[in-house]
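The form predicted alone is given below as one chain in structure tokens.
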Amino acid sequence: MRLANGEGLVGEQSATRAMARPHASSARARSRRETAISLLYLLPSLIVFGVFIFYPLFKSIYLSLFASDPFGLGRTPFVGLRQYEIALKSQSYRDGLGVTVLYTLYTVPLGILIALGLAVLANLRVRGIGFFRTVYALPIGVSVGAASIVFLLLYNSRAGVLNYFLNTLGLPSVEWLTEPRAALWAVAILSIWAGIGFNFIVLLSGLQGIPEELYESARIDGANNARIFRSITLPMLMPTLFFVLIVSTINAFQSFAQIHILTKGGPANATNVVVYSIYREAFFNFQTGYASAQAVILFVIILILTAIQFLVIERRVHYA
């Protein structure tokens, strides 16, 4: 009797496993099918990323291991990391890194603060605020090249509008693009203006995502506007601010068009950022291998800065 019961129990378990196998196999087949469909949808993006991001990246790493001939038409035998060593020991390259860091410090904090102030004003519920939101966001629709041409006219030392206003106020004219101390600030002002549109839209969307109930509760408790902004708005906006900080820093390190149009790295290399140095090495000196080594170093620097920002700043970011 016990044996019969045992055999019956074993038989039931075997039957259960036999019934479970088709379900498990169908689940695996369904999972593989869903994965294949997902990859099919992602295929266009993967192709674009592969052609325009991953292939140039690996190609630059490959080229950096070879030295170009004097005419830039071919490559000499493998030189390994020699060009990285040359770049890191080069005083001009280190100066370019210093200019890039200074340019980033000029543009990123001011750009975020100005965009944040405009976003707070545009978040007010008053009549006609839609017009001001449109005006504040307009720079995002202007290309950097077109904006650089306009600012080139504004910075003209003789006929520029900026010097006209300075002279009207009794102040001397400024050589915006030929004075080393003023040139980097001139480029930075253009970059801040060009980036305000994107930063404003992102920060305004973050502000509008904050629940209104939090503000109403704070006002009922007697909190003033400054306390509300410090205790509610900023903490709730930190994820958006963190995103804007990351993107703005990367864009600052990659700035090129405005510098090429306004100053071409001058005067006296005062605006010769790393990207423009790479451009000159590749297309004027025909040193594609050396330029690729500089580009890879810049990529590593941006990667390290981004990692530091995630490790240090993100700890203070609280996601709702």
Partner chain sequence: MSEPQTFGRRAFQLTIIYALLIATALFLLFPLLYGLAISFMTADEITVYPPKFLPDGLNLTSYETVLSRLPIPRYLFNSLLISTTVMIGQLVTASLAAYAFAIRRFRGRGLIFGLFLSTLMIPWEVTLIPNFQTIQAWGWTDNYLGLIAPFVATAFGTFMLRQFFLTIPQELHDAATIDGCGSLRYLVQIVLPLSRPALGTLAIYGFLQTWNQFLWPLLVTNQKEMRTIQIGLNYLLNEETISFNNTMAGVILAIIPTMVLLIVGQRQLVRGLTAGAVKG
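Positions refer to the first chain, counted from 1. Worth saying up front: this structure is predicted, and the values here are computed from it rather than measured. In this text, rigid core is short for the largest set of C-alphas that superpose within 1.5 Å between two forms.
Omitted from view is the form predicted together with its partner chain, to which the following refers.
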Look at the stretches 101 to 109, 237 to 245, 213 to 221, 79 to 87 and give the one with heavy atoms within 4.5 Å of its partner chain in the model of the complex.
-> 237 to 245
Is residue 206 close to its partner chain in the model of the complex, meaning a heavy atom pair under 4.5 Å apart or at it?
-> yes
Evaluate residue 51 for contact with its partner chain in the model of the complex, applying a 4.5 angstroms cut-off between non-hydrogen atoms, and reply yes or no.
-> yes
Report whether the minimum heavy atom distance between residue 134 and its partner chain in the model of the complex is within 4.5 Å.
-> yes
Answer yes if any heavy atom of residue 64 is within 4.5 Å of a heavy atom of its partner chain in the model of the complex; otherwise answer no.
-> no
Which residue, 250, 97, 228, 174, has a heavy atom that falls within 4.5 Å of its partner chain in the model of the complex?
-> 250
Would you mind checking 292 to 307 for residues with a heavy atom within 4.5 Å of its partner chain in the model of the complex?
-> 292, 295, 298, 299, 302, 303, 306
Per-residue C-alpha change between the shown form and the other one, residue 36, threshold 2 Å, rigid core fit | yes
